[in-house]
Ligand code: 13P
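This document starts with one chain, in the form predicted on its own, laid out as structure tokens.
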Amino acid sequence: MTTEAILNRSFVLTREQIPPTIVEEIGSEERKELVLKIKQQLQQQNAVIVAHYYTDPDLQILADETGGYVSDSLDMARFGHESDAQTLVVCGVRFMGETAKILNPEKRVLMPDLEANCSLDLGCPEDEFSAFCDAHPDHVVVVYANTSAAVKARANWMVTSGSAVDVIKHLAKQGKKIIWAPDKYLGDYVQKESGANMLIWQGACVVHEEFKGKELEALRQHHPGAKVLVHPESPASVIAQADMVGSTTGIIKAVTELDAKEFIVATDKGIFHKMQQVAPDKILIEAPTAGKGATCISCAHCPWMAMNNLRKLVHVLESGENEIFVDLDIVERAKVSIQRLLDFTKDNSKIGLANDA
């Protein structure tokens, strides 16, 4: 596929390709039973839960209570790599499980649902992306964390939303030309912030793409004192209105530091659990995902993240199903791009916000 074709093609999924968002209701008594079973299994199997901020609060609470970890994708990977546990139960989406396996090939990595994917991952097929890279051998290949193990294996660098600007500025200072994939909105934001020479893959997140600029402007008029916190996977019209643009970790930090009572938040609403934990006195408002007469696909919650729940967690621990496997050749090559980021962000004080997807 030619460069022009790639840059003009949309890799956004159709409505038919996106599963419905199903959040299962669990009664209090069943919840207690499930939590007890999970805690017993975790102890028996020397296992820990590594959960993303976008997953169900039940899973985040359980991870915190059992010595696991709740964080963004970069620190999820770090924690899994440093943990003494022999089994990592990754509550998130598939690329997170793959990253955990790449960094810990000797450990068992389980997921509540192997079908929990990501629109950015699905929108960047390894064969097409590899061919595009081969057509531009003079470019450094930088991919976002939200990609498959095979795509990371083709890359020179992996980055996260909090580290992307710093890494790209670092490469731009060396005069490097860059292929960026897969999120076009994050790519546009990074290019504006860094001034780098970039070819940008045209993928998008089904959650963040739905935030609407005009509707956000109208909402701000009803909440004139509110600060707007925006994830950089969002459209430019939304980013332009932000008081703070940043990763999930950056957004959580901002709600504790910015001087405001109300916050309009443009990212997956799963993050509200952690935000309310760290700032219980603040009022959190969802950024609008649809205009008048329109319907949203994700409604600010990733349908694949919603596939993670307590019932599935019990099943996978008891059965041993849903183990993540990655070809050893891909592990070796993908680890190079990931390790570059881990080394680059080892001292977070010397860069911006070296966190998240």
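So that there is no doubt, residue numbering starts at 1 and follows the sequence shown. These numbers come from a predicted model, not from an experiment.
What follows is about the form predicted together with ligand 13P, which we do not show.
Engineer: Flag residue 144 as yes or no: does it have a non-hydrogen atom within 4.5 angstroms of any non-hydrogen atom of ligand 13P in the predicted complex?
Structural biologist: Flag for residue 144 set to yes.
Engineer: Is residue 99 one of the residues lying within 4.5 Å of ligand 13P in the predicted complex, judged by heavy atom distances?
Structural biologist: Looking in the predicted complex, residue contacts with ligand 13P do not include residue 99, since no heavy atom lies within 4.5 Å.
Engineer: Given that the partner is absent here, does residue 152 sit within 4.5 Å of ligand 13P in the predicted complex, heavy atoms only?
Structural biologist: No, no contact at 4.5 Å.
Engineer: Report yes if any heavy atom of residue 247 sits within 4.5 Å of a heavy atom of ligand 13P in the predicted complex; otherwise report no.
Structural biologist: Within the cut-off, so yes.
Engineer: Which one, 227-235, 189-197, 102-110, 210-218, holds residues whose non-hydrogen atoms are within 4.5 Å of ligand 13P in the predicted complex?
Structural biologist: Contact criterion met by 227-235 only.
Engineer: Give, in sequence order, every residue of 59-73 that has a heavy atom within 4.5 Å of ligand 13P in the predicted complex, or say none if there are no such residues.
Structural biologist: Sequence-ordered list: 72, 73.
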